[in-house]
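Only one chain comes next, encoded as structure tokens, the form predicted on its own.
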């Protein structure tokens, strides 16, 4: 899945933009629940904390390739570069080309967290629906043909029944399905990975980053035990 995400990111990258892929040293192989999302957030924080501690962090921007997963606000505290979530990025781009968008995600249990993320980001008013294709994240990766059929079917229902005029892919593992949806359903389809890479390049090009004047200012330097966790566990 990481390789597919990397390919989608590089396809969206401008000449001269380098894409690096980082995976947590611990956690779940796929994210289909709140517990797995929180665990992933700690894993991603650990990756960044380790790089900062070692002096090896050199990225101009960070893209979290989990659709609405937890951890974005923590990384915005930790870093001085733009941090983008693919759910928010997909929705922002959708609103530039349409008025109402629908998200097609994996399992039904993922609908509520995505709705919450869009609400928190101020994007829920233009969300026509969040629909589930019925396949888990790992299943989408393991059965691309079956995933495309299921995703296209839900996208068509979103357009026909919910009034969506743009479709957002609600899982990083769905990258590459945009053309199939657009050709079959007849509306634009936004891949969050590609959208986030494009927005990251724009922000870096404009010299913009996360404001440190308020909630995303660096957190207090309270003592932390066994942190970064991967080093404490001997995983790195």
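Quantities reported herein were computed from a predicted structural model and do not represent experimental measurements. Positions refer to the first chain, counted from 1.
The discussion below concerns the form predicted in complex with a further copy of the same chain, not included here.
Residue contact with a further copy of the same chain in the model of the complex: residue 129 places no heavy atom within 4.5 Å of it. Residue 22 falls outside the set of residues with a heavy atom inside 4.5 Å of a further copy of the same chain in the model of the complex. Using a 4.5 angstroms limit between non-hydrogen atoms, residue 211 touches a further copy of the same chain in the model of the complex. Contact between residue 183 and a further copy of the same chain in the model of the complex is not found at the 4.5 Å heavy atom cutoff. With respect to a further copy of the same chain in the model of the complex, the three residues 87, 157 and 172 uniformly fall beyond 4.5 angstroms at the level of their nearest heavy atom. The partner is absent here, but in the model of the complex a heavy atom of 42, alone among 61, 42, 48, 177, sits within 4.5 Å of a further copy of the same chain. Using a 4.5 Å cut-off on any heavy atom, the residues of 195-222 that reach a further copy of the same chain in the model of the complex are, in sequence order, 195, 198, 199, 202, 203, 206, 208, 209, 210, 211, 213, 214, 215, 216, 217, 218, 219, 220, 222.
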